[in-house]
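Coming up is one lone chain in structure tokens, specifically the form predicted on its own.
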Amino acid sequence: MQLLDGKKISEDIKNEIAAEVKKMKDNGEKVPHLAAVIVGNDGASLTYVGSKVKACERIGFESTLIKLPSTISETELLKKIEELNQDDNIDGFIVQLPLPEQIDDQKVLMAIDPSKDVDGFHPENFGKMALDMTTFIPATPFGILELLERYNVQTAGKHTVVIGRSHIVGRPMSILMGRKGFPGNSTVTLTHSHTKNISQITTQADIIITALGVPNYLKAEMVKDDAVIIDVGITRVPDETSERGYRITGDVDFANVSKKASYITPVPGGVGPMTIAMLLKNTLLAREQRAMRGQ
């Protein structure tokens, strides 16, 4: 069994991006600028956005954090997004989800300029991804592809089972794993809450990508020997022995499944760090594309 070490690979990617940014600075070029919009005071979102800002500083990006009250109206938030769309200083930006209930997530994502949508959630970017065109791939799926590529995990002709059909992970992964090229060229089964006899399907899988958010859902008996396991789940489970009062747990019963897997991602330290690294990579791509357009 080999760990797919997202912590290590994400550091490698950040170092590569930092070298690119240094070249930009040495040439007197504008460095990438990422903005993050956060609405309200959700603890997990604040931590996550904070780590994105820190990562920007580390690699030499400029970053802007825009904190807005949870009482903000949809109209005001859309106005803020339009300001960011028009701001030539900003290459890419994200709006951290979830948003308060008075705001329609879909309306907000639609309002982001696709050329600045470094989360890759805009329908235009999602459609391009589905058609194998150059675009921003959502950061978590992009991170999974990068892990598979850097560990040279073979995907061609394999049976990939994706558990979960969210627009952020499950649906894009099901498209990307079936695309032409590497990683890709696998036969994909997308499973979800209405799938019957899911264990019969997972025991036939060469690669399992699970993004359910149900702690320890995937058990050893649901996995065949030498399967590749990608665990995207991340749940805070109460734990009195921990000083924080909780521990982070994935969708996979790691202790038992790892004994059968050929490759497996740990939680934490697997897919999570890759998501931030690939968001930075998308921002670098956005900057390069804007430079080519003379912006």
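Residue numbers here begin at 1 and follow the sequence given. This is a predicted model, so every value here is computed, not measured.
Omitted here: the form predicted together with a small molecule. The next part is about that form.
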{"property": "Site test, Ile94, Asp119 and Ile168 vs the small molecule in the model of the complex, non-hydrogen atom cutoff 4.5 Å", "result": "yes"}
{"property": "Option from 216-224, 123-131, 183-191, 94-102 whose residues, in the model of the complex, bring a heavy atom within 4.5 Å of the small molecule", "result": "94-102"}
{"property": "Contact of His33 with the small molecule in the model of the complex (heavy atom, 4.5 Å)", "result": "no"}
